[in-house]
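Shown here is one chain on its own, the form predicted on its own, set out as structure tokens.
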Amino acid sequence: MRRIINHFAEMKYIEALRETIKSLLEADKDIYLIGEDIIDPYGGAFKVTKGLSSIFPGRLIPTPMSEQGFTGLAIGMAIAGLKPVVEIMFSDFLTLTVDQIVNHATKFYSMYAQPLPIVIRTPSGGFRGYGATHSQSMESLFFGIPGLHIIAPNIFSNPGEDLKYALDLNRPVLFIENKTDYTQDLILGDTIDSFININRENRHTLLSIADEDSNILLISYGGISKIAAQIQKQLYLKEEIAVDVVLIRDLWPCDFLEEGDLDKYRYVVSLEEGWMDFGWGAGILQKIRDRFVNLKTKAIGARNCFIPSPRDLEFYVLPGYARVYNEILEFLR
């Protein structure tokens, strides 16, 4: 793992994804990429596949605007022994794939013990002014579905390694890439600003203040992990409050609930970009309260309304830095 981390140390999130996809295509002739506008010169809406169709002709399959249709095609390819990686241009369009994923892909895997190595990649989230139908975090629609695995990389891990891991699972995987992460540098060292330690354990990452013992835990995932890390730093510098931050990559099933050491915490806050009501955080916190009844918990996420385009309104709906910082501080006080 150390060799891989060093190899990607100077890379951005999008570059790590692209380089990993390239190496996977080189190593395994059964891997195909499927999606809208993924071939050159376009290379996908966020350019993740740019240049790859020229290197691997015939291995990237451009499709019409029919998410249900080409997701079904990919399921058939997986049943036949191939390893399709599907790109849904915006996660908002996952709604068009629900029948194929829920009633077909997961059933082949769960009911018939059919290996089904299909990974569905999709850019998720807002903070880009794209409006109500191109800014949503739709993964909450899929939590709890048997046979489906949901992964959300972040900049504190290697998204390319997460993608390789997803293919190796040999089962249907929803792979959530936050669109604000694509241009970000990966943070793969052991510290941040010399006083925040980074400990990568299994499928989650723990950020902790050096030489400080904390009884406060902030749980987050995906693109909003950046905000979680900023808040951790500022709470310590401005308020002298030490907070541990755990960044989950396997959203469902979430092994951290069984493996995580939560005994020392008194306060647990969940932070997600998706809607807060009945969301990922609410489910995580309920499971935590079942084990630790004396914990005080708080869920923070998007307000329960559509996501507007104007920047000030978008920041009102989505959990931006200022709002999250103030809500956590109020909760702790």
Partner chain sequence: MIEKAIEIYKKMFLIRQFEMILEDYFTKGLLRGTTHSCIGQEAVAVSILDYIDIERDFVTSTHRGHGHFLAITGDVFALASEVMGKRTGVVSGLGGSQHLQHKNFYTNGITGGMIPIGVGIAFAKKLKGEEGIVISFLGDGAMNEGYVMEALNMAKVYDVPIIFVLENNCYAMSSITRNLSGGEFGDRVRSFGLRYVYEEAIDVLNLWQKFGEIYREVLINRSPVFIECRTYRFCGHSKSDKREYVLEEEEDFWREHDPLLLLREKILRNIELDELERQERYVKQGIVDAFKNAEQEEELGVEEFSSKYISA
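Just so it is clear, the model here is predicted, and its values are computed rather than measured. Positions refer to the first chain, counted from 1.
The same protein also exists as the form predicted together with its partner chain; that form is not shown, yet it is the one meant from here on.
Enquirer: So in the model of the complex, are K233, G279 and G283 all sitting within 4.5 Å of its partner chain, heavy atoms only?
Expert: None of them does, since no heavy atom lies within 4.5 Å of the partner.
Enquirer: Among F108, F127, W252, Y182, which has any heavy atom within 4.5 Å of its partner chain in the model of the complex?
Expert: Flagged contact: F127.
Enquirer: Which pick from I187, I241, M89, L73 sits with a heavy atom within 4.5 Å of its partner chain in the model of the complex?
Expert: Only one listed residue qualifies here, and that residue is M89.
Enquirer: Taking heavy atoms and a 4.5 Å cut-off, does G301 contact its partner chain in the model of the complex?
Expert: Output for G301 is no: heavy atoms all beyond 4.5 Å of its partner chain.
Enquirer: Does any heavy atom of T133 come within 4.5 Å of a heavy atom of its partner chain in the model of the complex?
Expert: Answer yes; at least one heavy atom of T133 falls within 4.5 Å of its partner chain in the model of the complex.
Enquirer: Please run the contact check for S309 against its partner chain in the model of the complex: heavy atoms, 4.5 angstroms, yes or no?
Expert: Judged by the heavy-atom cut-off of 4.5 Å, S309 is in contact with its partner chain in the model of the complex.
Enquirer: Is L96 close enough to its partner chain in the model of the complex to count, meaning some heavy atom within 4.5 Å?
Expert: Because a heavy atom of L96 falls inside 4.5 Å of its partner chain in the model of the complex, the answer is yes.
Enquirer: Sort through 25-33, 39-47, 289-297, 265-273 and report the only stretch with a non-hydrogen atom within 4.5 Å of its partner chain in the model of the complex.
Expert: Contact criterion met by 39-47 only.
Enquirer: Counting only heavy atoms, which residues in 163-201 are within 4.5 Å of its partner chain in the model of the complex?
Expert: Sequence-ordered list is empty.
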